[in-house]
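First, one chain by itself: the form predicted on its own, in structure tokens.
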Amino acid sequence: MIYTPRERVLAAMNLQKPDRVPLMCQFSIGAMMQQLKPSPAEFWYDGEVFARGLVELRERFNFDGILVSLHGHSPDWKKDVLEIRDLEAGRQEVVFRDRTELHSWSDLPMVYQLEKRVPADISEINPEKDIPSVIDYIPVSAGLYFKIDQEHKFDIFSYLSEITGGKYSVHGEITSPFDYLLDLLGYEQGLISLIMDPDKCKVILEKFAAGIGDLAEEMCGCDIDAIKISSPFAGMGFISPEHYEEFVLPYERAIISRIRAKGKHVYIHTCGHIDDRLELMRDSGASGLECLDPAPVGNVDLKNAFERIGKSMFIKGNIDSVYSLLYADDAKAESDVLNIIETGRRGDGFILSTACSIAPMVTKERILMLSRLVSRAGIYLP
């Protein structure tokens, strides 16, 4: 039986084996920029331009699915722009009243605020008044926010469904309450506050979890198969397993249960070293787990991960985007990917992917290699 790309990904997320291992990598913004060379500001702010770029990348590299990392684009985004300055090729300055943004083909936009945002002091926060009930922004990176237009929160999913005909597995993305907490307090003070004022942190996390859960539930009404929870700061480089169980797991579990109740899959994305908390992540109730970075970026052995959690979660990973795709020679790059495909084929639910996002400077030839190898070595025997 030959599966459609969407059926292939759905089978893997249901812990089944389709005709071959599905392939679905997530692109960093920098990787998208390097491959497409669009107008940087327009690609970031215009939902239709962004959607067409996602589809073009899927077509170019023969992926089975599309991850929508940004949603809620405003069709009137230019109304607040004072000026767009074209610099040298691939660089633009976008001037707003309160900030200037530098957009480029290199990576995420850089933001220069006229008034520097000062992280909140936890002692001064009133969770009922200061934590929004409606989540209207994505904390993309330190100082970088993507505003969610409340009138156009999910337009991109409708547009993708229209132009792809539902042939590919489309996944949405939300951000963990833990990330919102760290963004609110600042990373250093946020981590200190877990120790100095844990009860207040939990009240804040609960409020964020309620708002993010509302957003996720509404997203489930779109033509998508899964939602990814971006939770990059929950690895052992930041917090202990005990703090993970106390400050991350309950709040992600609350959101996950709401998504699963709507009949959609949900998976957790946590970068880096997570070997010491795989079972805790399984206990969240998530359908799957993404990244599982191998050494040296992380410390997860794929075979061991399948033995520990592979009967209850699909696994999406775990190609090292830096040391296998970017820096390795051709022989090592191909050998690394083939070993991962072989290990993944033995599991119940596996999607071949880079562990974290495709690094910005990975060449098109290296990305094309993935579909060539998975088509050759990822076939499931009847």
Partner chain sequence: MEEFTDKISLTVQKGKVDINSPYPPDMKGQPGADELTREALDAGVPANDILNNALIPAMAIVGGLFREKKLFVPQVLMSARAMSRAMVHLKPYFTSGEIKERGTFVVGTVAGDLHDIGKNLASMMIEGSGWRVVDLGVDVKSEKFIDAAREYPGCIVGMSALLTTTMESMEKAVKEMKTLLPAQRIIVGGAPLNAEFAARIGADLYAQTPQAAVSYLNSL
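Positions refer to the first chain, counted from 1. Bear in mind the structure is a predicted one, so any value in this text is a computation, not a measurement.
Not pictured, yet referred to below: the form predicted in complex with the partner chain.
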item	value
D155, heavy atom within 4.5 angstroms of the partner chain in the model of the complex	no
P132 within 4.5 Å of the partner chain in the model of the complex, heavy atoms	no
Any non-hydrogen atom of E128 within 4.5 angstroms of the partner chain in the model of the complex	no
Contact of I224 with the partner chain in the model of the complex (heavy atom, 4.5 Å)	no
Heavy atom distance at most 4.5 Å to the partner chain in the model of the complex, all of Y137, I174 and T363	no
Residue among G166, P241, P75, G90 with a heavy atom within 4.5 Å of the partner chain in the model of the complex	P241
E188, E124, E83, E151 - the one with a heavy atom within 4.5 Å of the partner chain in the model of the complex	E188
Location of the partner chain contact in the model of the complex, chosen stretch of 65 to 73, 36 to 44, 338 to 346, 353 to 361 [non-hydrogen atom, 4.5 Å]	353 to 361
Stretch 322 to 337: residues contacting the partner chain in the model of the complex, 4.5 Å heavy atom cut-off	V322, Y323, L326, Y327
